[in-house]
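Take a look at this single chain in structure tokens; it is the form predicted alone.
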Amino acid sequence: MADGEEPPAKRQCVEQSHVEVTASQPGQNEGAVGQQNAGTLQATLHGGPLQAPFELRPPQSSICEQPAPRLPAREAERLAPGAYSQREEALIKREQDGDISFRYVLNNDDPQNLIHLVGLKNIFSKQLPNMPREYIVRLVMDRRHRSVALLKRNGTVIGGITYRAFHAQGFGEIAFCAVTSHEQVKGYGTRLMNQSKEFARSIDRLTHFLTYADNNAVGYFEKQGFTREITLERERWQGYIKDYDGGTLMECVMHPRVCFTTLPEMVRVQRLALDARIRELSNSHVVRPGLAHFAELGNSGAARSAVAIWDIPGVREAGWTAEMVQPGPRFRLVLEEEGGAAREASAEVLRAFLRQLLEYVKGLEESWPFRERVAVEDAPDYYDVIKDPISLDVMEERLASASFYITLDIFTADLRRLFENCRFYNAPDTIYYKLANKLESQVNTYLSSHVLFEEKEGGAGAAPHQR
């Protein structure tokens, strides 16, 4: 875009195409980058107004709007947009409703543009108090600089970005970026940067943004896709931008075919394409009905029994075969009521051992916080934080049912969850956190001496299940 042209208030995403500028005589770029081709004037706006007659041919718009495929409710929920896309979509909706707008402005003597530039100057001066005001005015009003202004419905400027476009070198240097203090933490900063990238890509034909960021701004620029690694050839930017002591030079690459104002839609299309490809290779999207076996037993009052793994819906379809079952370790259990004799772990012996283990744990002095369910009066938010609570009295009820703890691993899993819940809810310096660690250590010691694993063939012994 040449100086003096009216910038578009709104524009659409366009495919990368060339702006052809023809002239009757060659021109010179700022920085003396070399003699240009005769008869052609490259579009550079940093050496003042163009000095030859020219014809500007704008790029052709080529928007590809594809209707979003309709998904079932369950699939739509599974592919719901993330936090970034949700925030961007909310701001896009506000743009469509006219609550906010973004305008590409430059000092071309247009009265409305000058009003926007003065508004930007005021915001930069207020948000950047350490920056000399004369310096801010000089850069914002410089005819070689471009700005993107964020406007409210009433036309008030609430934020913006000012950058200098080096057209011949294909990059821009961001000078200022700020949003007024009472409009921050609303996602405007990200949307503003995306709009600036799109204006720079589609109007100024830039492929890179460079900027010197201070320590407070590095995090923001990293979130906007800037990196500390500079991939742009040094000869393209060195000598064109000013070095700043204490600043970190950062770069953002703008792909010519990426529309930065419609990133949520691009991400959505990519997710749908990836999901479709996964469906071709996997049945992970198939949702099968849950097991009705245990509910039916509960309704009938019958004792709980195990379910064969091949009876679980979807197991056979996933390629499982009976040959995949690996026999678990064989062990014997020491029953103190029988004089410390080690017995084969039959169902009856297992129940006796679990009763013995539970009584041992309840009898330890360190177990007092875990013997009963946590009372809401003592910890009002406990059940909001701990989604799978457990306590020794609950384990006692399950053990009494004679159908819940059908393996030793199920019982020890509940014990592990007892300790993990305590450590998750309480701080490390609390008495409860320390008691959980000590009680877990005592339980592990007990299991090591009362669960005797048989040695494997060749004399190698299997390690006990210490949790």
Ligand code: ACO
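So that there is no doubt, residue numbering starts at 1 and follows the sequence shown. Quick caveat, the model's predicted, so the values are computed rather than measured.
The protein also exists as the form predicted in complex with the ligand; that form is not presented, and the subsequent description refers to it.
- Note on contacts: among Q169, Q195, S202, T211, the single residue with a heavy atom within 4.5 Å of the ligand in the predicted bound form is T211.
- Contact with the ligand in the predicted bound form, defined as a heavy atom within 4.5 Å, holds for exactly one of Q224, S125, T261, N113, namely Q224.
- Of the candidate stretches 249-257, 340-348, 315-323, 172-180, only 172-180 has residues whose heavy atoms lie within 4.5 Å of the ligand in the predicted bound form.
- Using a 4.5 angstroms threshold between heavy atoms, T207 stays clear of the ligand in the predicted bound form.
- Interface membership of A217, defined by any non-hydrogen atom within 4.5 Å of the ligand in the predicted bound form, is confirmed.
- When contacts are judged by a 4.5 Å heavy atom cut-off, R268 does not count as touching the ligand in the predicted bound form.
- The closest non-hydrogen atom of V185 lies within 4.5 Å of the ligand in the predicted bound form.
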